[in-house]
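The chain below stands alone, shown as structure tokens; this is the form predicted alone.
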């Protein structure tokens, strides 16, 4: 069972969720956070706690996402008690809308196949235009239908990040903002974390550095083949309440602003925005919800997702350097509850779902060999 001190590399949603899970178990934790100088996805994501559609090619990912969604009310309560922050979690279900009949049919077929692979326990329903309009009256005439699932929800990701930082400190953890970690060295039973401003020792190290994991992982005998994928987001002025549940492309936040996004671009380490992409995002949103035409945009941003070759998480423990672990994913909000309540325990030697083994990086070598 892993004990002693823990160095968590990365102070975004993934690292802080793991750090909270460790600190709340009584472990002594130091988080090394590069801060906003890093390509931080945690300040640019969509805030969805989303299950439907995840795991089409890997049913265990569907199980994992759903398990995390089920843990979310418990984590919300923990953070509210520890940090005094309401993260605005709501899980009323979620809606994926379609503007094309063929796309709708293909997606429903994939969801039905996934439900079969999961033994039937995967609730969703396809709704035609009129049924979607009863659920969300403001949809436009071009919406042909949608998939509704009760498994989904959303929250405020900035409040979540703040609550995790505050909660970790309240539990006795330390968060060190500063330069990036340049090097990790190891010897039997301990590690040294090297930054430009000093060197720290720990009994265990957990890599949660997002895109930085690709550089750091080989230093402790691990592999993190992750690459960036850019998403751009639009935030509008406040609008009267019209959307009582999140959708894949559009959600209305607590104070009334509308968040629009879900672009996907392979552009390397470029988190800037482009007018043509933002325009396409806006046009699609007005097809879903015509009332958004003429609504003012107050800000836009780009952020980099952390993508593995198959898009699924990587969880690994090093055999070459016992005490070193790797946690990386692109669903830092959805999976934060699983990271805090399950992965942190797994790092400490607690039992975890057997299917977590499929998320090891060795799967990529096996896929290449096959």
Partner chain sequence: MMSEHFDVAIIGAGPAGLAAADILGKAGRSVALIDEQPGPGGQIYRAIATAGEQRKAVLGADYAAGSALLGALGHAGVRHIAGASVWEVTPEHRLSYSLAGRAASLSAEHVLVATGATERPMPFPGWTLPGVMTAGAGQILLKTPGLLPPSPCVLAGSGPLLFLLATQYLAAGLKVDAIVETTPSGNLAKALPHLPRALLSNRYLRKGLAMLANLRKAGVAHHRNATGLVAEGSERIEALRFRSRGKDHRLPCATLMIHTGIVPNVQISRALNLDHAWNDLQQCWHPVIDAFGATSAQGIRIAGDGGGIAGAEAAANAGRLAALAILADLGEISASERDARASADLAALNWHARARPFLDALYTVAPEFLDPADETIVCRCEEVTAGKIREFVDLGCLGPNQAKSFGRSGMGPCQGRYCGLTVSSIIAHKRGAAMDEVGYYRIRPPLKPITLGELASMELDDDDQRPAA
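Positions refer to the first chain, counted from 1. Quick caveat: nothing in here was measured; it's all calculated off a predicted structure.
Not pictured, yet referred to below: the form predicted together with its partner chain.
Enquirer: With its partner chain left out of view, which of 76, 251, 165, 148 would have a heavy atom within 4.5 Å of it in the model of the complex?
Expert: Only one listed residue qualifies here, and that residue is 165.
Enquirer: Counting non-hydrogen atoms within 4.5 angstroms of its partner chain in the model of the complex, say which of 296, 187, 183, 134 makes the cut.
Expert: Filtering the options by heavy-atom distance leaves 296.
Enquirer: Do heavy atoms from each of 29, 315 and 361 fall within 4.5 Å of its partner chain in the model of the complex?
Expert: No, the candidate spot makes no contact with its partner chain.
Enquirer: Taking 4.5 angstroms as the heavy atom distance cut-off, pick the stretch from 171 to 179, 67 to 75, 113 to 121, 208 to 216 that is near its partner chain in the model of the complex.
Expert: Looking at the other structure, the answer is 171 to 179.
Enquirer: Give a yes/no on whether residue 302 approaches its partner chain to within 4.5 Å in the model of the complex, heavy atoms considered.
Expert: Within the cut-off, so yes.
Enquirer: Do residue 247 and its partner chain share at least one heavy atom pair within 4.5 Å in the model of the complex?
Expert: Result no; residue 247 lies far from its partner chain in the model of the complex.
Enquirer: So, in the model of the complex, is residue 271 in contact with its partner chain at a 4.5 angstroms heavy atom limit?
Expert: Yes - in the model of the complex, heavy atoms of residue 271 and its partner chain come within 4.5 Å of each other.
Enquirer: If you check in the model of the complex, is residue 255 within 4.5 Å of its partner chain, heavy atoms only?
Expert: Judged by the heavy-atom cut-off of 4.5 Å, residue 255 is in contact with its partner chain in the model of the complex.
Enquirer: For a quick check, can you give me the residues of 275 to 293 that have a heavy atom within 4.5 Å of its partner chain in the model of the complex?
Expert: The stretch touches the partner through 275, 276, 277, 278, 279, 280, 281, 282, 283, 284, 285, 286, 292, 293.
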